[in-house]
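Before any questions on binding or motion, here is one chain by itself as structure tokens, the form predicted on its own.
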């Protein structure tokens, strides 16, 4: 629910669906999760290899694909995306939704990018997005936000809240979400917290890691409408890199 209600999750769907459709060969999505992108891509006729460390998320992805009638177009691999191995080199590897941020050190991020390079065929691409931590975004993340209101299968009303602890010098984010389940009178019946540690890279660091791995950078966009990146106007950093032929 937290991912589905994020603004960037809504914004990036069309961008990645278009990238998957244009790929001339095998498409691999790292951190495929519940299939939010992969299943719509499969509905459009694209076969996708999805990699995820969570069996629970892969089960949700299978369920979503089965309901959409496209399970035969998905190959799901239970693996850490730092160590995945492909039988056939990919034409496109995608790492959507700021998922590079799950690795907390530059060394781990660099090793991942080098490993991705090894799994892409010559001429293939790697696409990923990462936070662009502007003062406005930092201020927004530090606020307490009511992200969603919904009802459980048992009929209880639930409020979903989120806030983040942002450490700018360390480039780290501690996301805290909580669900307030309400009783019949609107009082708090139950509260459950979840916490997630993330980090981000500066654009100069992303560029350096890509080139050090051997990639040629084709584009860096400042939003999912493919606006060329500008320090003054960008809201995201979205990288498109190619393995030389």
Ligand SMILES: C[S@@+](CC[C@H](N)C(=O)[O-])C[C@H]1O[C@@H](n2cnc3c(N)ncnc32)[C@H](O)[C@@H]1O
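Numbering follows the first chain given and starts at 1. Model, not experiment: these values are computed from the prediction.
One more form of this protein, predicted together with this ligand, exists but is not displayed; see below.
- Distance criterion of 4.5 Å from any heavy atom to this ligand in the model of the complex singles out 53 from the list 53, 189, 176, 60.
- Note on contacts: among 82, 140, 73, 171, the single residue with a heavy atom within 4.5 Å of this ligand in the model of the complex is 82.
- Proximity to this ligand in the model of the complex, taken as heavy atoms within 4.5 Å, picks out 31-39 from the listed stretches 31-39, 65-73, 180-188, 213-221.
- The closest non-hydrogen atom of residue 99 lies within 4.5 Å of this ligand in the model of the complex.
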